[in-house]
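In structure tokens, one chain follows: the form predicted on its own.
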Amino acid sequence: MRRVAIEALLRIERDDAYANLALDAHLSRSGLDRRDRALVTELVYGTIRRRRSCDFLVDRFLRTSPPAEARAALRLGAYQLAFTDVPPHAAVSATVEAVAARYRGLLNAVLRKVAASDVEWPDDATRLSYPEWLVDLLRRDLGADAHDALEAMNHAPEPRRRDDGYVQDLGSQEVAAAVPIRSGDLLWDACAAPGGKATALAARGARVVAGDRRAARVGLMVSNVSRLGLDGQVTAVVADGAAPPLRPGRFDVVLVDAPCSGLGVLHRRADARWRVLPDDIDRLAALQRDVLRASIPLVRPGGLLVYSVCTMTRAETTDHDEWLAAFRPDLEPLEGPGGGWRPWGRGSLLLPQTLPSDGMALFRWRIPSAA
């Protein structure tokens, strides 16, 4: 079992593979039962989240950097010792047995020292296991809420099923619930795949045109729509949200659930904290603004524009609202939906520690009625 975890960790680190894809591939050919597969999943995702913390724990007892397989196993062992309820002797022995014989002496010695030692973390970024720039950014943008947000995203999320069986985080469900629609309204979902919000809105009576620029993702959305029996309510199309081939003024509601840095979903996307770079935020913010600019003309007079992202940076949230306040001062912001949402400029923020859920930002504006 731990051998499967080590092989997955090696693939993720050595080949820069996405954690979910690499793990699924290894589990599919492992022959493990459901219980063991669940444990491997927890160990792999947990080790990835806590990679920086685990490296600190073991590096105190290393003279040189170990080979890749030994490094992966040391991280896995340190994660079990520091962040799970696995008994120390079991964590050490099972991890040692899972590596090649030439590494067992090293692992046994180092992991026993980790198990027996106290820890003095050098800083919060190491203790919480995030890049320093990310900790600094969220502290700047969220203030006192940053610490609890970072803590919350170190814990694996619980799967959430809607009443129709669709698995969707509570944060995304809250966004869909906060989109003001009436039965029969025509809605454009500009960045819709895989279709979670589109299907939730269709279930409330909206007629949804759901777009994504990638054909494969649209295919996934079509499958989800069909599985939920919403073929008559949702039309899935391949379309670029920044240049939609749609008639102006046609839609009662336009939802821009934009591509973003995903810094509010780091508990689910275990490797994202190591993939996202500061420059990505600026690049994505520019794309988000392009999609917003293209979406405004699609809304009928008196209709609504809704913007959401699963991140908490000001560059991707309140900065856009400030830009819109200058670019289109006639847009009227709506009051926040209440509940777990807190005020965030003229919009709302759902912190990951609140429900708990993904961290989400939400802005809603009414287009002025024709004179």
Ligand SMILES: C[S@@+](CC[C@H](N)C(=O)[O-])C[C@H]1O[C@@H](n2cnc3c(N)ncnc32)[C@H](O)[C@@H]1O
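Numbering starts at 1 and follows the sequence shown. If you're wondering where the values come from, they're calculated on a predicted model, not measured in any experiment.
FYI, the form predicted in complex with this ligand isn't displayed, but the following is about it.
Exercise. Since the chain is shown here on its own, which stretch among 113-121, 234-242, 270-278, 144-152 would lie within 4.5 Å of this ligand in the model of the complex, judged by heavy atoms?
Worked result: Correct option: 234-242.
Problem set entry | Interface membership of residue 194, this ligand in the model of the complex, 4.5 Å heavy atom rule | Yes, contact at 4.5 Å.
For this session: Look up in the model of the complex whether residue 177 has a non-hydrogen atom within 4.5 angstroms of this ligand, and give yes or no.
Result: Residue 177: no, not in contact with this ligand in the model of the complex.
Exercise. Applying a 4.5 Å heavy atom distance criterion, does residue 169 contact this ligand in the model of the complex?
Worked result: So residue 169 does not count as contacting this ligand.
For this session: Find out whether any non-hydrogen atom of residue 258 is located within 4.5 angstroms of this ligand in the model of the complex, and reply yes or no.
Result: Because a heavy atom of residue 258 falls inside 4.5 Å of this ligand in the model of the complex, the answer is yes.
Exercise. Looking at 71, 300, 207, 213, which has any heavy atom no more than 4.5 Å from this ligand in the model of the complex?
Worked result: Partner contact (heavy atom, 4.5 Å) among the options: 213.
Exercise. Which residue, 76, 190, 138, 202, has a heavy atom that falls within 4.5 Å of this ligand in the model of the complex?
Worked result: For this set of options, the contacting one is 190.
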